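The chain below stands alone and is given in structure tokens; this is the form predicted on its own.
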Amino acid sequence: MAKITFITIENEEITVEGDSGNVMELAVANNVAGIDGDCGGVCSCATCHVHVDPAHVAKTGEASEIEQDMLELDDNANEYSRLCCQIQVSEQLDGVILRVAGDE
């Protein structure tokens, strides 16, 4: 079981727990504001864009080429950007902090 903390655009901290699926599904199931997952997790909409806390980048790994292509279309992308539909929930993610990218 991994505890994952989201920080919403309004700086609300929401910690959720999960052991399977992807992080976007976990966020949507727990009503994390700003994570829509409109495409259902197939890496085609970027409505689950998050910035990984720099101290936790090793836990999430790097974005795939397809994911990077989607992120290039988002003005809020930076070196810590990930689409949380592409991050699988595992014990390795325990303690990770993800900031909802939103419209900055």
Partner chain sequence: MKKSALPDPFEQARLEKGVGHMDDQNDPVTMVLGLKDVRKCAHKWQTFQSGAKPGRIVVPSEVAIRETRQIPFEVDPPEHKGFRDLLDPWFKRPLEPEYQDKLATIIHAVVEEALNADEVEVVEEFSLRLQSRALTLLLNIPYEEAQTWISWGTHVFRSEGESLDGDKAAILYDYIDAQIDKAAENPGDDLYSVLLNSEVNGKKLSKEEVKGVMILTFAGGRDTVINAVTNSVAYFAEHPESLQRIHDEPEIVNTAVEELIRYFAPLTHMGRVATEDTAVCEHAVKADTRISLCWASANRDEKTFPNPNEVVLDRKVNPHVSFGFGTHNCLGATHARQIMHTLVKTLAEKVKSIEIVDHQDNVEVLGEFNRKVGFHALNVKFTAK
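Positions refer to the first chain, counted from 1. In this text the structure is predicted, and so the values were computed from the model without any measurement.
There is another form of the same protein, the form predicted together with its partner chain; it is not shown, and what comes next is about it.
*Asks:* Any chance D36 has a heavy atom within 4.5 Å of its partner chain in the predicted complex?
*Replies:* D36: contacts its partner chain in the predicted complex.
*Asks:* Would M70 sit within 4.5 Å of its partner chain in the predicted complex, counting heavy atoms only?
*Replies:* Close contact exists here: in the predicted complex, M70 approaches its partner chain to within 4.5 Å, heavy atoms only.
*Asks:* Would you classify S44 as touching its partner chain in the predicted complex, given a 4.5 Å non-hydrogen atom cut-off?
*Replies:* Answer yes; at least one heavy atom of S44 falls within 4.5 Å of its partner chain in the predicted complex.
*Asks:* Looking in the predicted complex, any heavy atom of I66 within 4.5 Å of its partner chain?
*Replies:* Yes, I66 sits close enough to its partner chain in the predicted complex that at least one of its heavy atoms falls within 4.5 Å.
*Asks:* Establish, in the predicted complex, whether G40, D75 and Q86 all lie within 4.5 Å of its partner chain, using non-hydrogen atoms for the distance.
*Replies:* Judged in the predicted complex, G40, D75 and Q86 all sit within 4.5 Å of its partner chain.
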